[in-house]
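Just one chain follows, in the form predicted alone, and it is written as structure tokens.
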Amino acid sequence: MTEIEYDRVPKVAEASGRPELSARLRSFWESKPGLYGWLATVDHKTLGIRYIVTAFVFLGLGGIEALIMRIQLAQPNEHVLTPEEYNQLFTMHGITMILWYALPILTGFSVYLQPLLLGCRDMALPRLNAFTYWVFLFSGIFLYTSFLIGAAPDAGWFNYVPLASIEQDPGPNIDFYAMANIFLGISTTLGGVNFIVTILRFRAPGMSINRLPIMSWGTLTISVASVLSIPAVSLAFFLLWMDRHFGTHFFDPATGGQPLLWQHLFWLWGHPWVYIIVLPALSMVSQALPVCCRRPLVGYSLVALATVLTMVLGFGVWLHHMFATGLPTMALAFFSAVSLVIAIPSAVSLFAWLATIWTGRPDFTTAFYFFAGFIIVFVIGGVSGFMTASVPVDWQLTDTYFVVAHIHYVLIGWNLFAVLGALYHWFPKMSGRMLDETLGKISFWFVFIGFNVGFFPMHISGLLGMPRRIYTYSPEMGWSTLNLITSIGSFVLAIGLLITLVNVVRSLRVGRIAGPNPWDADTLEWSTSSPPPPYNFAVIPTVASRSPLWEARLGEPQRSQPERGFVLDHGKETLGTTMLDAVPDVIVKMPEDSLVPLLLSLALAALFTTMMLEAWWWLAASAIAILVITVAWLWPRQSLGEIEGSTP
């Protein structure tokens, strides 16, 4: 991408009734047909849908792993799995759901929706956007190749040393996780940079920071957190790989290393990660629930501030996961206090949603059902988290199924209900067709009942002393009935998700045509056709309020202009605006479709594969390939004089 201040003033015009403008813009922005266009596209809408589909595939893989484990645990003394197979399954289940599903699914919605919400034509860095998707995909494939050789990661998703050391786990199992995590971290970190630049500098004129869509607040907040936190866990995995392959001693106490260093580095990332995969889900609820309730969100400013404050506090509670490691009493007291205080901004969002429902006129769509279910699950997960913030309670509950229940409510429940609600809400915009409401509500009840029947009894199992990560148990322990109920609930939940999948496939073929704004929503994405054209907006809209499509009914004194604005039809162009007030600042020349992001991702995959195999000459060749492709990526396509010499 090249930013150039042109010596021309862009034209201002009306978008409606100008088919020649649409055709001209389509010729610039539409990807080429065929295989090349499919591989080289940098269109954020195509990439957003790919993110969503790929993340749902990983959800399916993680769900299958969970169901196999639940068959093993449904009855005492089952032998469906060996201990080693169970270790690999529960580790891969956790890794898949937390890393390859929970954030990528939210990233997919944000990649698709943020430019539309903000009134711009693409993400700030389109080729980087494509690169982060390919890295996400290849890192997941890299991880799952471990199953092909029977050596999947097997030390749990937080991979504690010394269990993960070469002495305790000499196979390639842990190396797959280490390399895949670092690989994925490249995607997540660079994706965060892209979102930060897009949200701060690519908003429509007039969309000042206090008019930012609430969903953009969630994405912006977690993007900053990703950039700050992911290097910690990437460093931890790299140091572990060095210990395992080169005999260093970062985590070996016998030679001066510190096993607790792993926990500090991991949870410096791990606890912010909880909020990184929660806050975008909360912000999607805050964005879409008001549409279902026919009124703006109650307490917009407080919810935005609560979103930021939650993330800030999230960086101060990593020791919450280390209460049982023998830390000093003062440290326990401080981090316990912060773990309790962090519930306050979450409560702000909760009461804002309840007030929005209470003062609105809810339309009981499937999306509203899922958002209402989300609120119930949000409260249950929040209460159990509040309990474990107390040090004495945590000492009793740590490493029991109570914590397993809590993490499923928070990391999966909050995410899943928000995502399914968002799917039913924005599917018409993405596809141009409506999902079937009857099937949707049937799916909701299966998901809601299955989720709570499956995971709520885990709290009781934990209180009765059932430890996490055991692959079987004797009938005398008294956990048999609870485990059977949990297993039944898990399969009911799976049926609900399968019904949603059937609904999506069916609706793509025969669903009712949606039209531009089937929900009569208030934000800019609903001012375009469904699905949007390749260029998103024929003219860059001008914004005068937080609800540009509801201004007349809200009695706003000023009016937004979704159909009138800067034309920008001299190639692939969009508008950059100032960070706070969104004043037009620069015309941005956007890159064409390119195979370079795919090639660089493949070179990175080769690098990590050769690191796994300790094939050092091939590793050097991969590094050289990465350097050459990066230079090709950054090589200027036009001279500055050629660009400045262009005519209006």
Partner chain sequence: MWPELRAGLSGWLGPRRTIWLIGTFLVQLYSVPARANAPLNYLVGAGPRNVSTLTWGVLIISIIVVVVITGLLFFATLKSWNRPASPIWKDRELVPRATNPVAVVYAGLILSTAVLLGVTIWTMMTLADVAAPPSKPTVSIEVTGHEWWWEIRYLNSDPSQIFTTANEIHIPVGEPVAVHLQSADVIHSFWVPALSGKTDLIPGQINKTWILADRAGTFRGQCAEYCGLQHAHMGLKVIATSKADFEAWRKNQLQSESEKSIGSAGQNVFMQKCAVCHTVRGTRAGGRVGPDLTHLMTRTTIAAGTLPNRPGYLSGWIADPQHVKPGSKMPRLQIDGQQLAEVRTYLEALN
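Remember, it's a predicted structure, so these values are computed and weren't measured experimentally. Residue numbers count along the first chain shown, from 1.
What comes next is about the form predicted in complex with the partner chain, which does not appear here.
With the partner chain left out of view, which of 137, 430, 143, 357 would have a heavy atom within 4.5 Å of it in the model of the complex?
By the 4.5 Å heavy-atom cutoff, the listed residue in contact is 357.
Heavy atom within 4.5 Å of the partner chain in the model of the complex: which of 495, 505, 510, 554?
If I apply the 4.5 Å criterion carefully, the residue I get is 554.
Should residue 462 be counted as a contact of the partner chain in the model of the complex, where contact means heavy atoms within 4.5 Å?
Yes.
Using the partner position in the model of the complex, report whether residue 487 sits within 4.5 Å of the partner chain, counting heavy atoms only.
Answer no; every heavy atom of residue 487 is more than 4.5 Å from the partner chain in the model of the complex.
Residue 189 near the partner chain in the model of the complex, any heavy atom under 4.5 Å?
So residue 189 does not count as contacting the partner chain.
Taking heavy atoms only, is residue 518 within 4.5 angstroms of the partner chain in the model of the complex?
Yes - in the model of the complex, heavy atoms of residue 518 and the partner chain come within 4.5 Å of each other.
Tell me the stretch among 276 to 284, 229 to 237, 533 to 541, 376 to 384 that has any heavy atom within 4.5 angstroms of the partner chain in the model of the complex.
Going by heavy atoms within 4.5 Å, the stretch is 376 to 384.
Even though the chain is shown alone, can you say which residues of 361 to 377 have a heavy atom within 4.5 Å of the partner chain in the model of the complex?
If the 4.5 Å heavy-atom criterion is applied to the partner chain in the model of the complex, 361 to 377 yields 361, 362, 363, 364, 365, 368, 369, 372, 375, 376.
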